[in-house]
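Both blocks below hold the same protein chain, though in two forms, and each is given as structure tokens: structure 1 and structure 2.
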Structure 1
């Protein structure tokens, strides 16, 4: 029957897609032996690079949270001319080729441009430093945070804010007491997505800072110098550590989540 063949076709191609995504990852996770995993994590280069990845990625996500939240709120709440343009700008970092991101940021803070020279004279080092890595990561992570936070704010009814204000709360008190707690789940998802995207970045970071090495750069170097087998264990560790981080973030967010769940029963 035609109906069935259509369904079978849909199921078959869905299966192909899922296999295509999962099998390489599973193969990679299972390739290194436990011994080589243990050996790898004991190398100072490896655990330092993973720590650097985590620390810069989290910093980038927090910067996005601090500076991006007001913009996300404005985009969710207000209508203004040029809003479409602002939204397009905010999405740009997703579509810009990664080395181009690095090249663009280096063009600004490198020594070929006055800003870079001014910073150099002030003793602020961006190129080849954790702050440079954080800057790049913030750039590529921003759209993911903004998108999630915007959706979170949009899902809070403006009437709740209106009522809060009519009860005597200022705009700021309303944001802190009503809007933010209700959007918190989406904001936390946004922080996690942003952090994940930041830690996954390679092409842009490698331009601004080959050293100190974040984990993806270390993997790349090991792959170039020693081959596939030596890069796989690092990849496994990075993925495991990221998973632990994201799960614990979700659990921390759970205490505040409970209230929301209660409210939606």
Structure 2
């Protein structure tokens, strides 16, 4: 009897959670008319902001992939003094308020700090540029990639790597030939999560680069200036484009899994 009561409670709670998530999104997707959606996407500011969001988000995810993969592998395979501190530092961007991230990065690359002055003298522009947006997105998206990649590497048995090394393969060849292919799906999930987190960033981006505008900033400006009606179509287009992007990445991951299964046979 108690078990049945708990089951009904779990079902009711699950239904409430799903309704809480889906109803606002469905309401937003159905609010704009097809005419307003078409009119919105034809505006140069709108498709430029959506393209900038995708470009900077994907760039940030690729940077996390290149520079974060070695760290994720190290955290998954090594035990060393201070590892918990390193993991806490890696996860820190998740809990820091978004405006604080923007202020911290602005203090680093702004003209009041030596690094910012050196970059300015070299002609490297961070504040108010796509480079600054990518820097912010990389900062906030990196923990999501590292967590997923670390779990993927941890799921690969170290015995497989030991066998490869005992047969004469180098550590790099073992990583490329054994570890990376087996952890590929987790790495792809990390890239997707990092990209999604990067594209959704707003609070830190507006401090580093209000212009050029990414889609969330454009939505905020339109909401402040014209209200809900003019900000919703931009949000709908961004959701549609991101959904298509993530479906494509998932299909790539599924095809890679089939290739790996076929090669094992």
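Numbering follows the first chain given and starts at 1. A quick note: this is a predicted structure, and the numbers were derived from the prediction, not measured. Throughout, rigid core stands for the largest set of C-alpha atoms superposing within 1.5 Å between the two forms.
Trainee: So which is it, 1 or 2, that shows the form predicted in complex with a further copy of the same chain?
Mentor: Structure 1.
Trainee: Please determine whether the C-alpha atom of residue 25 is displaced by 2 Å or more between the two structures following superposition on the rigid core.
Mentor: It does not reach a 2 Å shift.
Trainee: Examine residue 243 after superposing the rigid core and state whether its CA is displaced by 2 Å or more between the two structures.
Mentor: No, residue 243 moves less than 2 Å.
Trainee: With both forms put on the same core, how far apart in Å are the CA positions of residue 13 between the two structures?
Mentor: Shift of residue 13 at C-alpha, rigid core superposed: 2.7 Å.
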